[in-house]
Structures are given as C-alpha cells and as structure tokens.
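Listed next as structure tokens: two forms of one protein chain, kept apart as structure 1 and structure 2.
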Structure 1
Amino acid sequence: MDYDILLGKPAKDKSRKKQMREIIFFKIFFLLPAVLFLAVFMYYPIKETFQLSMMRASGLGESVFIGFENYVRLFTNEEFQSGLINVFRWAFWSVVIQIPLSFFIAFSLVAYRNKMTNGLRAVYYLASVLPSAIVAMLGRFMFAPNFGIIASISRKFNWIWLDKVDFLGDPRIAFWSVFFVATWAYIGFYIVYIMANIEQIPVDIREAAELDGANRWQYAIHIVLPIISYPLRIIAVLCVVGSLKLFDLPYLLTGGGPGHATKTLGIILYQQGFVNWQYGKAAAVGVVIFLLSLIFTVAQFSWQRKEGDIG
C-alpha cells in the first residue's frame, strides 16, 4: 500500500473520481432547473394535448376516447383544408417575397450608408415591435373604403377603379391584403438581422471584390449571399414556422374571412376550442401545427448539418 501511495496511483484515482463527481453534480445542478421548466411547461402540455386530441371533449361532462376520429373529421373538413392550404401559401410567399425584400433593403442600407441609415434601420424595425392589435388597426385604416389611406390616394389622383376595390372583403384579394400588412410588420426584424450579419463581413473581402472589378450588386449576389446563407436559412425557418402558427393579424383584420379566404390553422384552433367548445378538435389542430413545425424544423437543420453549416 505504501508503495502505491509513493507512486501516486490511489491519489490520482481518487482525484479523478472526485473531479468526475463534481462535474456530474454541477451538470445536474445547472441542468435540473431547465429540465424541470421544460417538463412542466412544454413536455407535459404536449403530452396532454396529444391525449386530448383523441377525446371528444367539450368541457362539460366526461371526455370520451374516440381515437383518431378528430383527425379524420379535420382532414375531411373544407374549412380545415382551406386553412391548411392558406398557411402553406403564406409560408411559401413569405420565403419568396419577404426574405429577398429584406435582403435587398438591408444590403442597400449597408452599401449606401449615410446619415439616415441608423434612422431608417429604426423605422423599419419599429413595425416589428408594435403589438399586433396596433398593426391590425393601421392595416384597417389603410384599407378603409371611405376614409382610408388608399381611398384618399384614389380620390386625389382620380383612380376610380382603386376606390371600388374591397381589399379586406373580396375573397380574391383579401389574402394578399393581409399578407401585405404582415410583410410590412415582419420584415423589420429580418432587415436588422441581415444587416448585422452583412456588417460582420470583413472589409478586406469587399475591397478585394472591388479590385477584381465587381460592382456592389455583383458583390452582394456572389459574395455576400453565400457568406450569410446560414442566417438566411434561419429566417426561412422563422418564416415557415411562424406561418404555420399564424393567428393574430388575419384574425384581427378579417376574422378569417371572407369565407375561408384568410382562414389559418391558428384561427381554426381558436374557433374550435373557444367558440365551439370542441376541445378535442382544437387539440387535434394544435397537434397538426406542432407536427408540421417539428417536421420542417428537423428537416431544415438536418439539411444544414449535411451542408456543414452547423456541427
């Protein structure tokens, strides 16, 4: 025993074991609050929602287990089908319109920097921090048929055809009217986020591109876009997941109408749960939203891992 102590073997083993115990203790100590928080406020509600989606529940009387009947009824329901199509349309056009528009504005503000740049950055970002209720009020004021901004412009320039357009009441254009308001409200955050990433690109890269004869927009397309591709993909995830959960602006502007023109899954969930008292159906809609968001997010990050953008 004395020989081992002289060699330092037991002392090293004890030291390692002590260090391992301390590491495990600190891991548990710091992770336990987060795990408990997620378990109570995320995992448990998800489990309960899955269970409730299998029930016929109205909040009055006992709930009855009916299996996947709520899902079958949803996917054969015209309202739900319209809502599903609308959120997919919204997601597609958000990626196709909002991200390129945000990049164009962000790069313009960085490339043509002047005294107004910081002020314009604040103006663009302001809309994204306004409450949805205020954004919806501004949207209604813009499209109001008699005293709204567009009505005033049409009278000023004698555009009689524009004065006759019912932007929020015509099923053919209501979706695009709401999408226009949402684009104005949401792209401010995207602009600021993209600007922050563009400003982190070393000046040497831009100077080298200029020496090679690239103009500003060639530099933007061939150099800036590849460099900030990962942040743009993050924005794409936010656009798609936000579209799947969309509720506030369409509900406040049109209530989901006219007909099902601006109906979303979030509006259907609200109406089923809080208007019709069909908690099982509402939970089923929530599960569909959750699964679609999860599938897209996992697929997106798996693709990015294959591309080497994340470890």
Structure 2
Amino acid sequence: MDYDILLGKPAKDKSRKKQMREIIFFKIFFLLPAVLFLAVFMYYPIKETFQLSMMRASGLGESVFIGFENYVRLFTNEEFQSGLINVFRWAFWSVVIQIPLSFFIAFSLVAYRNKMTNGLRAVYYLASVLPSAIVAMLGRFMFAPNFGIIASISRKFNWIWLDKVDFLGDPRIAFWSVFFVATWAYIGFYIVYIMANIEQIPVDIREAAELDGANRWQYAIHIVLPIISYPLRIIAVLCVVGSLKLFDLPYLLTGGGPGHATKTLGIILYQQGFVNWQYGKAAAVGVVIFLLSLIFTVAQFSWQRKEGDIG
C-alpha cells in the first residue's frame, strides 16, 4: 500500500521521485541558514584557532609555524600560571559557596512560601539580568577606596580597620571582592533554576516525608537534595565552565590586577590578542579554555551515564 497516495500528496501526476527531490530541496533550504552561520562564524574560526595556536603570528607580518612553542611558553609563563590557578580557585569556590547558598535560598523560598515569595524571587533574579558592565559599576561604587560606600560608612563610624582595607587594590583581597560581586550577580539565576526543579517534586513525596515526622530541613537534605542532584550537577558544570570563560567582571572591576591577582584565562587571552597583538599565543589560550571546558562537560555526561539516571 502506498501511503503517499492515501495521504493525497498535492499533485497526483507528480512522480514519487519528484516528491523525494522536493523533500530534499526543502531540507537543504531549511538547514542552510543555520549550517552557514555555524560553518562561517564557528567552525572555520575553530579550525583557524588550532592553526594559529601553532604559529608565531601577530597582526602584521608573516606567520611562522612553530609547533607547540606557544603552549610551552604559556605554561612556563608566570602570568598564565596564576591565571590558571585563579580560574580553578574561582571554580572551586563557586561550586562550594554559590551552589549551597542558592540551594538554601531556593529551598527556603519553596518551603516557607508566602505572599512575598514571587516578589523576592524577582528581586534576586534582577541581579542576574543586569549586564556585567552595570554590575561592575555598582561593585566599584561599593568597594572603591576612600570614596566608595564601604569606605565612606567605615569613616562615618570610625571603623579604621575597615577603612584601611583596599578591596580592589590589595592583591590578597581583590580576588574575594570580585568573587563577592560575582556571587551577588550570579546566584539569582541558580536560585530560579533550583526553585523550578524543587517545585517539580510531587507533593506526595513531601507528604510522605511529613508523615514520617521529617521537618523541613531533614526533608531538604535527605529527600530534595538527592532528587535534584542531576540539575545541581548541571549547575556545577555551568559554574566550572563559566569560570574558565570568566572575563567581564574581573576585567571591568580590576583589569586582572593588582599584579595577577584577578587575572583569568579570558583576560589573558584578550590582552595577548588585542593589546599585545600576539595572535598565536592568544589562540593557544583559547585552545586551553576549550579543552578544559570540554573535559569538564564530558566528565559530567559520563558521570551521568554511569549512574544511569537522567533528570
């Protein structure tokens, strides 16, 4: 039985071959824009990045093939080393501080739901929607030495110890100031995300837990946490990959300084490429960022597969 005839394809005199050709033409026509975009603006540049990373190349002059020299130079370079350390420090503390904090807030919002809940959630999320340039502007407004809000308050109350702290200029503290601002800006999204996943948990499960005499926090730790462990792991991967790509906030708040205290791989890439015009080295940094994020993403997926649970 030929279903095409049953389905009454438009023109009866059209041969089957012609219809097949029509479908193929349709597919090509519909896939072409997306494929072209990716081929030109993503896959071609990726190929170029790998090539460039093996070359001594600057904005001007000939490019020379030098093998892995760029990578060797990077990994023996003090700036790049501190960039790597900063990025992993950032990733570690984001997972350890931002995710538990977001979980605590998200669960509190769900478990103590009242009239304010939706408003509070909207306020938290506002900080995540603010573009990083504005977040950096507010960050400096709070943390700038002498004239910033914190300095101003500490002078008002004569807290000399606090007035002396240079939040963005002291190499020991700058990292944490930037991290604090980033936490302020990022957790809104995590809260919304975790809340959405907690609200998906069937109410029967909670009622059963209540019957067994669990209070809210026992329920949170022993039941909610295991159930939403998959989305939490996704956020953890987002945190880690986000740290590898980190650029805007540290660049705008401190420019990577003082010294290398807040240098990230993104800032090093930008400075090598667009300040020093060392295309080859910058491309090598790009490859490192890519490979590291690939490792973490693949690790997440294989972890998930091993446990055999999906969402």
Partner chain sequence: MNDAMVEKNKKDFRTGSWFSGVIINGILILLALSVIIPLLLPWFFVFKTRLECSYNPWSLPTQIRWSNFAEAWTAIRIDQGLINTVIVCLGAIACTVPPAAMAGYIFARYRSKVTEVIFYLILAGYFVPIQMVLIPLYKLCSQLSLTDTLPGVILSLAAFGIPFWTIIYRSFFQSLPGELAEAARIDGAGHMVTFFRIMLPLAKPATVLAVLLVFIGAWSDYLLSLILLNSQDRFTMQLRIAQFLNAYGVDHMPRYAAAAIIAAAPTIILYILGHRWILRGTLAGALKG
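Not measured: the values here are computed from a predicted model. The term rigid core refers to the most C-alpha atoms you can superpose between the two forms while keeping them within 1.5 Å. Throughout, residue numbering runs from 1 along the sequence of structure 1.
Structure 2, not structure 1, represents the form predicted in complex with its partner chain.
Rigid-body motion between structure 1 and structure 2 puts a hinge in the chain; from the set Glu79, Asp166, Phe179, Gln51, that hinge position is held by Gln51. Hinge angle between structure 1 and structure 2, smaller rigid part versus larger, from C-alpha superposition: 17 degrees. In the core-superposed comparison between structure 1 and structure 2, the CA atom of Arg21 travels 10.0 Å. Superposed on the rigid core, the forms differ at Leu36: its CA is offset by 4.6 Å between structure 1 and structure 2.
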